[in-house]
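One chain is shown next in structure tokens, namely the form predicted alone.
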Amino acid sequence: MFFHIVLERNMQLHPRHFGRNLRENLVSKLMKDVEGTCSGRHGFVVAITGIENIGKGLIRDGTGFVTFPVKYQCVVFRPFKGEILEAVVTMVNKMGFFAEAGPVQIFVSNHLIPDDMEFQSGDVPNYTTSDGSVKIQKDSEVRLKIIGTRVDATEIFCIGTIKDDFLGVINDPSAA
């Protein structure tokens, strides 16, 4: 789920940022460029926790920009198959529902929802048990299990299930 790792990146800096605030300018540019991004290999970069090393700059011919190799520590979020997550439902339709756990979007198919829950269309589409005691709708909090992930270069997609023990609705907004 969350990991603290060391990554490296080449940062290009314009000459106008040189001076006594060079290090601060480099770190702020690194944070702006890296935090919130996703790499398929490491996952979503949540936060940069420290700078280990800033190497010597190399001047780019013709542009004046300088490239600095920067080694930094960061916290990354990467979901794995079999992991249990708590997520917020963002959309419900007859095919299933989408939920978000931080930056990750998870799809739960109607085949992976317990058999006693039926889709109810209307102004607020939802999945409801036959006795009406449990309801999954937009903004419901659910505990689900990831059964599959697909990793692209810049995004991670997950498939989940709530058809298991201790999984399902945690908090129902309509009950409040």
Partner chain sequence: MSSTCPRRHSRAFPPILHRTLPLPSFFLRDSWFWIQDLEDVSLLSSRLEFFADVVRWFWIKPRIGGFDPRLLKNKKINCLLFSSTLSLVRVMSLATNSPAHSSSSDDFAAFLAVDLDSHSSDSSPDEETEGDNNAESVRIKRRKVEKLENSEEDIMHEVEEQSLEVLSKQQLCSHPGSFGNMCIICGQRLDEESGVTFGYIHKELRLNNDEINRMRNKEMKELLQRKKLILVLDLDHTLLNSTELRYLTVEEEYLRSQTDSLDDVTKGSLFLLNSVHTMTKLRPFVHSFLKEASKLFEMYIYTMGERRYAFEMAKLLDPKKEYFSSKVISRDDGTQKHQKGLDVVLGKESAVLILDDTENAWTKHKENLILMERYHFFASSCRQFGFNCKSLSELKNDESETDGALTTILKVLKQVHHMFFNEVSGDLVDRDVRQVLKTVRAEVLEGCKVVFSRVFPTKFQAENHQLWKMVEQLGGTCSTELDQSVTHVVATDAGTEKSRWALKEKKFLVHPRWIEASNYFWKRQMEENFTVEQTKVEQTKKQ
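Positions refer to the first chain, counted from 1. Model, not experiment: these values are computed from the prediction. Think of the rigid core as the biggest set of C-alphas that the two forms share within 1.5 Å after superposition.
Not pictured, yet referred to below: the form predicted together with its partner chain.
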| item | value |
| --- | --- |
| Partner-contacting position among 56, 32, 60, 111 - heavy atom within 4.5 Å of its partner chain in the model of the complex | 111 |
| Joint contact, 6, 86 and 147 to its partner chain in the model of the complex, by non-hydrogen atom at 4.5 Å | yes |
| is_contact(residue 167, its partner chain) in the model of the complex, heavy atom dist at most 4.5 Å | yes |
| 4.5 Å heavy atom contact, residue 49 and its partner chain in the model of the complex | yes |
| Its partner chain contact in the model of the complex: residue 13, any heavy atom under 4.5 Å | no |
| 4.5 Å heavy atom contact, residue 69 and its partner chain in the model of the complex | no |
| Contacts with its partner chain in the model of the complex - residues in 105-139 whose heavy atoms fall within 4.5 Å | 105, 106, 107, 109, 110, 111, 112, 119, 121, 123, 125 |
| Rigid core superposed: residue 154 CA moves 2 Å or more between this form and the one not shown | yes |
